[in-house]
Ligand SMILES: C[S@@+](CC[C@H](N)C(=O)[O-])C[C@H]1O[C@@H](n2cnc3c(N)ncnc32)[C@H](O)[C@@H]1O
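Have a look below at one chain only, the form predicted on its own, in structure tokens format.
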Amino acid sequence: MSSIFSKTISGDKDLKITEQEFRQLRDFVYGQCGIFIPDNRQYLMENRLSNRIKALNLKSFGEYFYFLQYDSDRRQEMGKLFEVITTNETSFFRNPPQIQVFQDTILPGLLAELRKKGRRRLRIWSAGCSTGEEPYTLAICIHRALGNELPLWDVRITANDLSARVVDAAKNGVYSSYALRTTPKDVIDQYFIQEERLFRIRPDVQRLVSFGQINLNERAQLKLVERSEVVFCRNVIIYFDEDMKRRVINAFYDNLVPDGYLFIGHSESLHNITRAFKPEHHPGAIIYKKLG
């Protein structure tokens, strides 16, 4: 999940949301998934949800709010709601400085430390994985780092997103050239199989990633994720309020092994959220290391 409301979808222009309906729906969304929609995004909520109201043959945002709470199909509609309020702008090898730090510094150090301990088990969590570009990027980095040694290792990248639709797309592993716009050509040639105008991730790389739907607001779900050496959660917490940010970051802290690493978006910060991580400064990127 990389952003919310980054694109406007035109809805029914005759349908207007009232101040009360906006606050009801905003609080409902926050309660369900922790995404906080500020007041200045009211018109975007109006545009996005108008299409759902029209599809359900409802007459107002108030009726939609009631539908979400009491209708027998509310669970199915909840998935549609999550998809409408989130968009998934991402690409392979997005934010190259962070990926370079992971590939050239963090990953080699982790592998060396694990070898020294006689262990060949590596776990990484990609939270808010969108359509899979990030976890597959990490899988490619690991594949390149281990090379012929890979069969000797137990590697798993757990990749989760709120939207079932994008998780299904991620599992499919087929992308347009637009998703590869920030990917080095030699990586495309080596790790993708071109099928006419589309590109399929290589099956041996795809097998390193395990996808599933998760709600970062559900602590019980977060506890089911295996403990990880590295957590990636980029461009997600920026859409949470302070309380939700603390809860999610605390969950990542609990998940990480001692001295594990947390990657968040380059425009995000743990300032005023927690002091449980030590920031490490690298060229073009700040990475957070778990203390204690």
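From a predicted model like this one, the values you see are computed outputs, not experimental measurements. Note that residue numbering follows the sequence shown and begins at 1.
If you look for the form predicted together with the named molecule, you will not find it shown, but the lines that follow are about it.
If I take 3+ ligand atoms inside 2.4 Å of backbone or C-beta atoms as the clash criterion, is the pocket here open or blocked once the named molecule is superimposed from its pose in the model of the complex? Blocked: when the named molecule is placed as it sits in the model of the complex, 3 or more of its atoms come within 2.4 Å of backbone or C-beta atoms.
Interface residue in the model of the complex among Asp168, Glu113, Glu89, Asp73, criterion: non-hydrogen atom within 4.5 angstroms of the named molecule: Selected option: Glu89.
Going by heavy atom distances of 4.5 angstroms or less, which of Asn217, Thr183, Gln206, Gln103 would be at the interface with the named molecule in the model of the complex? The residue from Asn217, Thr183, Gln206, Gln103 that makes the contact is Asn217.
Is Asn47 close enough to touch the named molecule in the model of the complex, meaning at least one heavy atom pair within 4.5 Å? Result no; Asn47 lies far from the named molecule in the model of the complex.
Should Val230 be counted as a contact of the named molecule in the model of the complex, where contact means heavy atoms within 4.5 Å? Flag for Val230 set to no.
Within a 4.5 Å heavy atom cut-off, is Leu162 in contact with the named molecule in the model of the complex? Contact with the named molecule, yes.
Any of the heavy atoms of Met244 lying within 4.5 Å of the named molecule in the model of the complex? Residue-level check for Met244: yes, a contact with the named molecule.
Taking 4.5 angstroms as the heavy atom distance cut-off, pick the stretch from 113 to 121, 208 to 216, 149 to 157, 187 to 195 that is near the named molecule in the model of the complex. Of the options, only 208 to 216 has residues within 4.5 Å of the partner.
Can you tell me which bits of 231 to 248 touch the named molecule in the model of the complex, meaning any heavy atom within 4.5 Å? In sequence order, Arg234, Asn235, Val236, Tyr239, Phe240, Met244 come within 4.5 Å of the partner.
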